[in-house]
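Consider the single chain below, provided in structure tokens and representing the form predicted on its own.
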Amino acid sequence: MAVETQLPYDKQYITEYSDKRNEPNWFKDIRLKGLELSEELPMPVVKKTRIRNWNFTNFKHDVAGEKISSFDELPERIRALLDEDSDNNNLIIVRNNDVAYASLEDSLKDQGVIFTDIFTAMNEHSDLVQKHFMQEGVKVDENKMTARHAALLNSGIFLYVPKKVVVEQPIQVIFWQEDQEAAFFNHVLLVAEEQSEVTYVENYVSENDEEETVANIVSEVFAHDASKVSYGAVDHFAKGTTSYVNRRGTVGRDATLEWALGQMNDGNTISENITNLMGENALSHAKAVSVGRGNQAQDFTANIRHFGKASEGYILQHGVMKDQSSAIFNGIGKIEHGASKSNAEQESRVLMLSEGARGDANPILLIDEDDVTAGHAASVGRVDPLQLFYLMSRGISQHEAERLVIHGFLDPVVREIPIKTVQKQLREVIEGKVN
């Protein structure tokens, strides 16, 4: 199926959908602007990955999800994502396009923490949401996919942490694409005010190996001065889901934003992770791992832009490609004029396990300032036959030897991830994909 320029939804549908959710007028205007722009704007720039035949328009937009009264109602695959070391008091489960379960500790509510779905937030905290939603982070008019996202938003989360509030336990969201044709046009808006701290973990899961649908995901993270945000995600959409993922961070003075991303989709994927280090001494680590299999194609970009003086950005990406899969890993460090004393470092490595697999690592450093530090490392290669021979000579089968090599290749990234629950989930997903 070729890329279509027309969405299967029109202005009347968008207006009625917005009215049904009782959305404020300012957001309805954003929807209609997005719909108009989606017909004019180009697709995202993807230089080396052919997306012409990808499915971006075949999906069901408005699919309800039932609430749950007990975790026992969830399938084992979803229950396994729950944090066994916590009481799951800070948790939202989104089932198709609706909230099936939501909980937040009273102590956090009393401190002013807001953790709710994006539509409730638009009505109950309209000024806060309007101030940040697709204004300074991801813009509606960036490309066709961001415009479509604005027009067709059908689920999302708003997390707000007030000034000086430290959230001790991780906040978790599970986005469950239960209906095999249900689309996710999902938005995560996370705002951490000055001197606050929070760890946020999200999981995306689906089971549509045959039916085609779409995931169009945008996350906007604002780490204000002296705050610390740890953002963990495990994306695990099934083969039938074509994914566009755009995660964007804005980091203030003396603030830290740590990304820990497990990019484990089985369908075709475009993923952008961009961080803007706006303040002096701003810091970001962007760590990501991926395993590709089958005949899927993926394009990953990690981009850290330095605007503030003495800002530091570190990119670490490792990918394993199996079967006929292919992936592009772009690592971009950009130091703007005036961001003196900044440091941009990156490492991207790709391991190919079969003759038909393809991988590409593109390190890019763009430096507009003299007094800075920058460096990169990149490698693409196949499994060392001596490694396999050594393992097999000790009675290990070839399949098990490859499995051990994969875990050994990815583990330097996985163990660097500061969120233990994401580490555990990633290792389990990796195990499932290499068996």
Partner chain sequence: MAASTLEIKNLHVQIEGEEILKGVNLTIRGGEFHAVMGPNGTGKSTLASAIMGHPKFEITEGEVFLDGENVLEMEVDERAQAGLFLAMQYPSEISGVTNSDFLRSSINAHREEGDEIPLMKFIKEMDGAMDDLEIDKNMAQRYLNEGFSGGEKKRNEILQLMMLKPAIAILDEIDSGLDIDALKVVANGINKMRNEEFGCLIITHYQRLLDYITPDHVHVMMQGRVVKSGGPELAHRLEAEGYDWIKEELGIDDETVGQKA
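Keep in mind that what you see is a predicted model, and the values were worked out from it rather than measured. Residue numbers count along the first chain shown, from 1. Think of the rigid core as the biggest set of C-alphas that the two forms share within 1.5 Å after superposition.
If you look for the form predicted in complex with its partner chain, you will not find it shown, but the lines that follow are about it.
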property: Contact label in the predicted bound form: V372 to its partner chain, heavy atom within 4.5 Å; result: no
property: 4.5 Å heavy atom contact, S393 to its partner chain in the predicted bound form; result: yes
property: F409, heavy atom within 4.5 angstroms of its partner chain in the predicted bound form; result: yes
property: 4.5 Å heavy atom contact, T49 to its partner chain in the predicted bound form; result: no
property: Contact segment among 385 to 393, 363 to 371, 26 to 34, 50 to 58, judged by heavy atoms lying within 4.5 Å of its partner chain in the predicted bound form; result: 385 to 393
property: Heavy atom within 4.5 Å of its partner chain in the predicted bound form - the one residue of M43, L404, A377, V380 that qualifies; result: L404
property: Check all three, S397, E400 and R415, heavy atom within 4.5 Å of its partner chain in the predicted bound form; result: yes
property: Threshold 2 Å Cα movement between the shown form and the other one at S18, rigid core reference; result: no
property: C-alpha of D29 moved at least 2 Å between the shown form and the other one on rigid core; result: no
property: Rigid core superposed: E400 CA moves 2 Å or more between the shown form and the other one; result: yes
